[in-house]
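Laid out below as structure tokens are two forms of one and the same protein chain, each shown alone and named structure 1 and structure 2.
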Structure 1
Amino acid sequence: MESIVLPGEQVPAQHVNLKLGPGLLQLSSETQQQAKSAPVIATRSGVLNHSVNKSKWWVEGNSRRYVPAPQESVIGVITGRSGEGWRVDIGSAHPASLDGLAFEGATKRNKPSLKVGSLLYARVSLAHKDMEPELECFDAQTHKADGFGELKDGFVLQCSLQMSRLLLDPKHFLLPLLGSRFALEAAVGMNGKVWVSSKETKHTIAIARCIEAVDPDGGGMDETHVKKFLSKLDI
């Protein structure tokens, strides 16, 4: 049964390695020992979710603006230089910063050549309500690129934040279904942006139309209707 929470409501989020996602805040405590058991409250209304082992908790709402959270993957656009790095638009209230060394194998003499308008697949490394979010283009554990970095060619479409989370769920039907029909590459940002690339333009258009149709904000089409929709397309 889904649990609906309201702003200020306390939630039962407790774990040794507790990680809080969007919509949740752990209240500060005076001592480190108290901090581990400090209460967690909701900062927005929505459906309370958690991982299988209950180490990760977040609130799924119908927010239109993306609120950065640590470890989330995002798709952004370079908007300008900032010292030794870049400023990136990820759709949040404030632009994110990306250091020139936040790439696999990057050094002061060997940095990626990015221009204004370049598209990036990155990971949020720091997110705080009083600071600009920071991005990295490598996996936090392996320090390998693992798909993060500049996205070339392809097509970017906007979807709801809820749809982006659905696409990142391994159990969701859409991407495996599309992958069985077309040769495609895809990157999904939790900020409501999806990058897709396929060999033919008509396939890319079909993929984008299917994502828009399945989006809860666009129609909420189920698997059966998507299959019927694909069978009617001249592809």
Structure 2
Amino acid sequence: MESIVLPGEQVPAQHVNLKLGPGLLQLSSETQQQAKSAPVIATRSGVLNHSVNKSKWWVEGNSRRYVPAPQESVIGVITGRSGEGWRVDIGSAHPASLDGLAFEGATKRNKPSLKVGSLLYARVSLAHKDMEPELECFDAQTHKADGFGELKDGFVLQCSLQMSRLLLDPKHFLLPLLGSRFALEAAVGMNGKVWVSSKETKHTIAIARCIEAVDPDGGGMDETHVKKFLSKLDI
């Protein structure tokens, strides 16, 4: 079922309503007729996946460098002011900009008190390859904060992008397992950054060690081994 592809390899993706996800590219063809069966190639290495009805195809690969894409939640650090807004570092090639009013219930007189160095959980609202990415701290449809905004206290650690996708998957074992041991608050950014907060420092360190161990980049530990690992830690 799983097939590993290398960049440049052809992928048998054909459907009336074909949707190509990350890692795939449809080669341009000269005529309209050819466009229906234009070949699709992989542009990164990874596991080739498709939806059940074969209309959605994508390549699941791992990387460490974040490339912004719209509607993704990311964790950023404020690095400076720029006019009415802020300059935020989200780990991409270009710093992102966050408007000063892009918060729930913000008006000119009532702006959030952010400082250089504050942590933010924000949503990428614009990510075009030719422009700087833009962030917003509210949900796109409801315009409510919904968890976005400043993150106070806690600890940020870096992981690979595949690990952050795994942590966001509700079926993944790690966060529920850790949450059952101690009180924990976590925010996962799709840019490879995870913010965790718990009452005791040693819990925070244990969480950080577990995330690093389960990261596919750093060994990819499975559930039984994580349980054994946790039992050896002095918590």
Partner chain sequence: MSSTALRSISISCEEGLDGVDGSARFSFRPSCSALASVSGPITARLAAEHPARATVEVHVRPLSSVPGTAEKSRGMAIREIVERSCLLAQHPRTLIQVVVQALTNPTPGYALLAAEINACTLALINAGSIAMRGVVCAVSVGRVKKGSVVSVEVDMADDAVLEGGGCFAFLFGFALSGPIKGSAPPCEDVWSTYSARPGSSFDQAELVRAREVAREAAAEVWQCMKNNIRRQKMVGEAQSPEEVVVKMEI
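By convention here, residues take numbers in order along the sequence of structure 1, the first being 1. Whichever C-alpha set is largest while still superposing within 1.5 Å between the two forms counts as the rigid core. This structure is a prediction, so every number in the text was calculated from the model and none was measured.
Shown as structure 1 is the form predicted alone, with the alternative form given as structure 2. The hinge separating the two rigid parts that rotate between structure 1 and structure 2 falls at R64, chosen from R64, D169, A106, T201. Hinge motion between structure 1 and structure 2 is captured by two rigid parts, the smaller swinging by 25° against the larger on C-alpha superposition. Relative to the superposed core, E60 moves its CA by 3.2 Å between structure 1 and structure 2. The Cα position of L48 changes by 4.9 Å between structure 1 and structure 2 once both are aligned on the rigid core.
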